[in-house]
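The chain below stands alone and is given as structure tokens, in the form predicted alone.
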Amino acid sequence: MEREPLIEFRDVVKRFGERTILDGVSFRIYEGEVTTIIGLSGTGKSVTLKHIIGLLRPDGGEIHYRGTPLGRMNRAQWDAYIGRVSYMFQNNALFDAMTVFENVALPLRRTTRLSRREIESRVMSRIEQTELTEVAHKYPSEISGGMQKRTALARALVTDPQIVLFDEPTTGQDPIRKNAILQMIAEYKQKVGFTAVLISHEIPDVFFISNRVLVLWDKRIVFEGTPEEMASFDHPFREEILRSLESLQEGITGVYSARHFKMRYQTEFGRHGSEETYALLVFSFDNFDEIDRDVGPRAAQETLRALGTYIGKHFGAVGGFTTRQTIREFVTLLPFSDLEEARRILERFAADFQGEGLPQLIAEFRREVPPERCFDFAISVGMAQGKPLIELESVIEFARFDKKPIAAFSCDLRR
């Protein structure tokens, strides 16, 4: 049985003078999900979002809420609907002359007849949920950018909305802060329970938290589905996705997240035949558990991070991409390659690693561990060849059986 959409656009047209922004836009938003509208700058994403909250009205077509057209609602129906919708602005739109508490309380003071005590209770509840208790009586200029984002989110949630609209929530943020903002949205969606609609032109950072993705291209929705289903999306917009994936390596480790690694894999091979091959390498930090237990978790993690950075940069230069597979493993995939070519690339990597990479790992180790605390460690690698028709996890498992040491560091405990 097909689910009833919470919000549905049916052939929506929007014009500004002679310029058409939306031309027959149709899509569905389902309750309890995170739906992300993506597209290049200037394609009408914000215009689409503003139709949901009633800031704009369509010149053609209809927008339905639970099957009822917004344009045919009476005043009571419209007030009930709009009271369920909240909007988190791109630039936070906090009032500088108001404290965090006052900013969060503003929607309740302006749109409800709640008592002062009820407003205070609701506001403090949202402030506690967004971990702003200690700065509740500070002004926006006195708190960090991340706290300002959380204040804007608390204000958007204080009216207990059913639907929250996010206008470019990560624009202008560095990679670490982008991830923090998206994690914040996902976390509070879980805590509070709401339907989220995001717009973004930054691909594919928003895929982390999205249940469904809508692609707005040339005034129309050209794709509607899960982030994973975009692998078979045959459209020029895919090239934009691939270019974005190329630049999305994590700033800290230089490798992809597991989800982005899988999406990169699907994007690479979704365009090509099932007979294309790839080579896969599994790198293992063999003594990780011992270092973590006997020397300390920070030393183990920093050494592992240095290894991931070196692997990611080296194989990225030849078209490969890398993810951290387990607590002590990295997986690198070389598209459209075979074992013979992979062995040649690995030989060059091993030589470079002995001369440059291993000293970097030792330096990280020494930075965290005093000379009297020392340990031996080894790096191993296994290889396998795969095809898109073979489960990626099976190829990874096969590579694990073929692991051989490529570098080792011996530390004299007596020094």
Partner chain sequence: MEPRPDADERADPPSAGPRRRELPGVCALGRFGLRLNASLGALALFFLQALWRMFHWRQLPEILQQIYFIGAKSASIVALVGFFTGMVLGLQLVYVMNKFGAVGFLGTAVALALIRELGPVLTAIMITARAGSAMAAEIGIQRISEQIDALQTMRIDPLGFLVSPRLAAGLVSFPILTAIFDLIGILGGYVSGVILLGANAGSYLYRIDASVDWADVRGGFLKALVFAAIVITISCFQGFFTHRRTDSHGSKSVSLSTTSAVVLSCVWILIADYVVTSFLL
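Being a predicted model, the structure only gives us computed values, none of them experimental. We call the rigid core the largest set of C-alpha positions that still match within 1.5 Å between the two forms. Positions refer to the first chain, counted from 1.
Form predicted together with its partner chain: not shown, discussed below.
The candidate spot formed by 53, 107 and 113 lies fully in contact with its partner chain in the predicted complex, as each residue has a heavy atom within 4.5 Å of it. Taking 338, 79, 228, 120 one by one, only a single residue has any non-hydrogen atom within 4.5 Å of its partner chain in the predicted complex, and it is 79. When you look in the predicted complex, the only residue of 324, 149, 264, 155 with a non-hydrogen atom within 4.5 Å of its partner chain is 155. Here the chain stands by itself, but in the predicted complex one stretch of 81-89, 206-214, 131-139, 279-287, 81-89, has heavy atoms within 4.5 Å of its partner chain. Remark: residue 93 counts among the residues lining its partner chain in the predicted complex, judged by a heavy atom distance of 4.5 Å or less. For residue 98, a non-hydrogen atom is located within 4.5 Å of its partner chain in the predicted complex, even though that partner is not displayed. Taking a 4.5 Å heavy atom cutoff to its partner chain in the predicted complex, none of the residues in 303-318 make contact. Shown in the overlay between the shown form and the other one, fitted on the rigid core, is a CA shift at residue 162 smaller than 2 Å.
Relative to the superposed core, residue 151 undergoes a C-alpha shift of no less than 2 Å between the shown form and the other one. Core-superposed comparison between the shown form and the other one: the CA of residue 335 stays below a 2 Å shift.
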